[in-house]
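Here's a solo chain for you in structure tokens, the form predicted alone.
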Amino acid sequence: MEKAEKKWRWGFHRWIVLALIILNVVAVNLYAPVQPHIQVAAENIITEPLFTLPVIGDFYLTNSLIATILMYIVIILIALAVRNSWKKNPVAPKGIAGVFEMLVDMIYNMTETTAGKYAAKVFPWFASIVIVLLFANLMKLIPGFESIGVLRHSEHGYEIQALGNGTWSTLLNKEAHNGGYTLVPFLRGVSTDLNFTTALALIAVVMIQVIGVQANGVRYFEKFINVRNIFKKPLFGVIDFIVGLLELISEFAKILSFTFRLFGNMFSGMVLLAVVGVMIPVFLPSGLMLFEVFIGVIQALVFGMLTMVFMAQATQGHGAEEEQK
């Protein structure tokens, strides 16, 4: 009896998958996907600036900013849910509290293995970066993400077709000759905005220096400007000084590396999904979406782990290396 019931359930699930595939094919033929308007910079949802700052200038409401606000709201709501779940059973948390306890415990063990006695200082930054980037990169799973927005007039736009009572419209796969419309989505991937990745990279690199100073004091800066042996041993002193300058350059290079590694991977994934969705719109985009989710998780871990490793290296300091020698 149990085997027959399991077989029926498995068969029912297959019918659901088949129905979704047929619905996908019908929807694609009724409303063919349109070549998207790809832009590196985040798009402005409203044409007028929200406010103007003296030095910075006009401040606009962009689709990546809306996605960022939504991301933090989701994180806060999940944090409250975890706290409430943990209060009910603090000894053996279950559900969402148990999942996050396992995640945080895994991250702390990784930090302790690398940073040792400085794990307590490094862990909050490592965990925060990983969790924020996980949510930022997995926001693409929200239905309508990067596909629902405002229609704007464009010289190389597409024709539109009214939906329902005319309040909503969809783009047709026909380019208009006398000017048409392009879609500016309400939500855009947070990590595809260069401002977000640059800000995160600056925070990571600045805190690497802060933790280095906390662990080694003012002597931490000797690894950048090392003139200790320049008079005692001129040849080796000059070499140490040049090595220190290279270390200083490498610290600034970390900002560029952090920024463009995350931005490049996530933006290229967005472009790939958009282009493949137009060329082969039935089945392949779903598989690519799963692959993009996998890349998003990997990028979050890579960014966080590099920050954690650099922070652990900063705690060693130049003086500790000399003592070991």
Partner chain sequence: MSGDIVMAAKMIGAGLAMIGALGGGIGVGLSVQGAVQGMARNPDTYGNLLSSMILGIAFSEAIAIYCLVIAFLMLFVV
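Numbering follows the first chain given and starts at 1. All values reported here derive from a predicted model rather than from experimental measurement.
Here the subject shifts to the form predicted together with its partner chain, a form of this protein not shown in this document.
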property	result
Heavy atom of residue 264 within 4.5 Å of its partner chain in the predicted bound form	yes
Contact label in the predicted bound form: residue 302 to its partner chain, heavy atom within 4.5 Å	yes
Residue 26, heavy atom within 4.5 angstroms of its partner chain in the predicted bound form	no
Contact label in the predicted bound form: residue 312 to its partner chain, heavy atom within 4.5 Å	no
Position in contact with its partner chain when the complex is considered in the predicted bound form, options 69, 293, 61, 271, heavy atoms within 4.5 Å	271
Check all three, 260, 298 and 306, heavy atom within 4.5 Å of its partner chain in the predicted bound form	yes
Residues of 37-53 having any heavy atom within 4.5 Å of its partner chain in the predicted bound form, listed in sequence order	38, 40
